[in-house]
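One chain is shown next in structure tokens, namely the form predicted on its own.
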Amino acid sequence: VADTKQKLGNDVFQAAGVAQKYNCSLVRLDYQQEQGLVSSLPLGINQIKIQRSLTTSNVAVFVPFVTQELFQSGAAMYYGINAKSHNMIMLDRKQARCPNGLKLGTPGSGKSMSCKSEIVSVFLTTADDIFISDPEAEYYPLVKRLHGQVIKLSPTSRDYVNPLDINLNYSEDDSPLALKSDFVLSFCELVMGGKTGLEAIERTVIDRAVKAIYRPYLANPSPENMPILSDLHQALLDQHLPEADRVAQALDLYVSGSLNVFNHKTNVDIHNRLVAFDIKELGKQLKKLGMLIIQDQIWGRVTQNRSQGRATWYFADEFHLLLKEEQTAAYSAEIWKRFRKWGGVPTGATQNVKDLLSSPEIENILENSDFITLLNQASGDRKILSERLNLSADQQKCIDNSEPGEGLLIFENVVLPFSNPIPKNTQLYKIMTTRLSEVVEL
């Protein structure tokens, strides 16, 4: 409190100088000091009737007019902060024309963390089912914390998934066998190997065997009537044809040989809301088959959920592994084409953008994705994506040496720079991180 009027004037002058330094101006409240004091207290009462118009430049400080926003209502989920306006990004992928998604970035850019963050949001805010293809066994802590089911597939595991499982909603046709037969043909093609694929007669004998082994189940759809690989093997031998014998001999290794992990009835709970398939310990020969079987299991769940009006989310980490083999790549392309109308929401995470452009069929995966998360990109991939997605020079800067969890989010026609860091001092971060030192500490 000033002792004299002159000192009061000096204090007001000094305060005005400080305010001017921050581009603010002070107005003296003549004969309104009491009202001003009351208005400044946290009472929610404004007794000073002062209004001031804001110019466009002043308003732009708070909400930049050049910034696009994504803030949908309803079942929208959190996807980070708009790097320009610092507003939340809230969107519902199921409202998109095509909800398919991709998460692209270099190793360490935050692809897996982005997938896990979205999985948590889906799990907590919806009643949808979630499937994960986990080639590196890194989703176990998160899935277990959410009381999901981790299915470990390996030659020594006691978790079994029957590749011949089928449900009566497997296809939109009257008979589900047509689509299942196509899967079995892809399976046998992987087993037999070779660059030319299956011959026409071999395809015919396999299709004939498929119809034979499913006949008891279609007549009485009970679990004990579900066929396994040994039934397919025997149905081929029963045809007494050289082509059928040749396919049966190729299946021997997977029926009675050392790689017979898939010749069992399913003994795990694949009806859990959250299921992760751990295929890290599958060898080179079995991993290709394992990935194809996982995709087929997910397709079966999608068709089953469709009749119940429930969506199914599918996260494929290390997506480039699925694109290396012709059969799994073709199956992935089919998923990206057809999942939408069956209530499926697939997401692939990969660091190899070039794998998405290796063939016209696989290229459709990029074109059929309305949700794309671009994290830090290598220079070659950044150039490819800029051309394919029409990114501006400013937008390219957002994926050039960006920090983990930062980049561009593309949703339909909207392109936003975003940031979605997860605080390191949280339990969620500890069960989601893949950094070796932090995993060891956990």
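Counting begins at 1, following the sequence as shown. Please read all numbers here as calculations on a predicted model, not as lab measurements.
Below, we refer to the form predicted in complex with a small molecule, which is not included among the displayed structures.
Shown alone here, residue 259 lies farther than 4.5 Å from the small molecule in the model of the complex, counting heavy atoms only. By the criterion of a heavy atom within 4.5 Å, residue 111 is counted among the residues contacting the small molecule in the model of the complex. Although the partner is absent here, residue 422 is a contact residue: one of its heavy atoms lies within 4.5 angstroms of the small molecule in the model of the complex. Looking at residue 318, you'd find a heavy atom of it within 4.5 angstroms of the small molecule in the model of the complex.
For the three residues 176, 300 and 331, a heavy atom within 4.5 Å of the small molecule turns up in the model of the complex in no case. Think of it this way: in the model of the complex, the small molecule has a heavy atom of just one of 351, 230, 304, 85 within 4.5 Å, and the residue is 351. 107 is the sole member of 216, 107, 242, 283 with a non-hydrogen atom within 4.5 Å of the small molecule in the model of the complex. Picking from 397-405, 25-33, 43-51, 383-391 the stretch near the small molecule in the model of the complex, with a 4.5 Å limit on heavy atoms, gives 397-405.
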